[in-house]
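The chain below stands alone and is given as structure tokens, in the form predicted alone.
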């Protein structure tokens, strides 16, 4: 039986994961196109839910557990003029809420899997979609800004410029019992993500003007803020500091003919809830299920309703989650008129067990209940 051919474009985390997962489907041949001379220098971390960790672990055979740092507790804080209110604690006694990994280390494992599974790696720059004619399915995982997407979507999307900059980096420390935490600060939300015993990463989203006015002393500001919120004056070492602009983009159109958009090109959301790559993994999982179904029936992907099925099954959750994260970010932004009311609300959240349970379910499995 002739294998159906799928090509993934892009060797970022989304592209590599998609290639390895789809290569597991019987009857599929996978190629991967990536630019020449690209190096794995992604010094960031990513957080995924327990359900997504299990999906990744099932599909990547050589992905060691040591690469993933588990969290059984997540704490949320809201800063007022007088205090930082610990308004929501999510706990799991017998399982983990989430896992954090270093992007570059996981990408190295995925590259080895690609070699092991004989996925053909083609080093070239994609300038147009002419190459798609040679495949049954052509998947674009080339970030959020490529002009190639305009050939598919005609620029149709839900867009919002937050006029914010995300500052990320690694911190070496000697703190004990450090939990995954999200602090809603007056400057903007700051997340702490432990990924080993003595290391955590941070993501601090601040106004663009704040970043520009303090760009030369940003590391010192991060150091001061971390020491302040953790209430410990011990020395810390900050490395791998990076920054990037934040925007909301939710595509209204996912595909054209046999070309599908995936990853950040499909949906880019605010990092405040850590749901970005979780949505990507749920997309990959659903795409694998649909392709396996049609290939199992002996139906050509190119001449089937596979991409329409994917669109109908994933667009509702991606849109609702993206707009939900946007609403969460808007709620916690500083506003002198609304802050007194928000303080009352967050204090009442603390004892709401139903909300805690619902939050854990959505964070873990999304809306695919």
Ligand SMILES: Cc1cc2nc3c(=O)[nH]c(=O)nc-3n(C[C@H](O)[C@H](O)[C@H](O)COP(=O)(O)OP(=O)(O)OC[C@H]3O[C@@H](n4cnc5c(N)ncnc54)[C@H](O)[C@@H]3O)c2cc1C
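Keep in mind that this is a model prediction, so the values were computed, not measured. Positions refer to the first chain, counted from 1.
The same protein also has a form predicted together with this ligand, omitted here; what follows describes it.
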Among the candidates 230, 88, 248, 126, the residue which, in the predicted bound form, approaches this ligand to within 4.5 Å (heavy atoms): 126
Selected contact from 190, 110, 142, 259, since only one has a non-hydrogen atom within 4.5 angstroms of this ligand in the predicted bound form: 142
Non-hydrogen atom within 4.5 angstroms of this ligand in the predicted bound form for each of 47, 148 and 275: yes
Residue stretch of 113 to 121, 261 to 269, 170 to 178, 286 to 294 approaching this ligand in the predicted bound form, non-hydrogen atom distance within 4.5 Å: 261 to 269
Contact test in the predicted bound form: residue 74 vs this ligand, heavy atoms, 4.5 Å: no
Interface membership of residue 20, this ligand in the predicted bound form, 4.5 Å heavy atom rule: no
This ligand contact at residue 66 in the predicted bound form, heavy atom, 4.5 Å: no
Touches this ligand in the predicted bound form: residue 203 (any heavy atom, 4.5 Å): yes
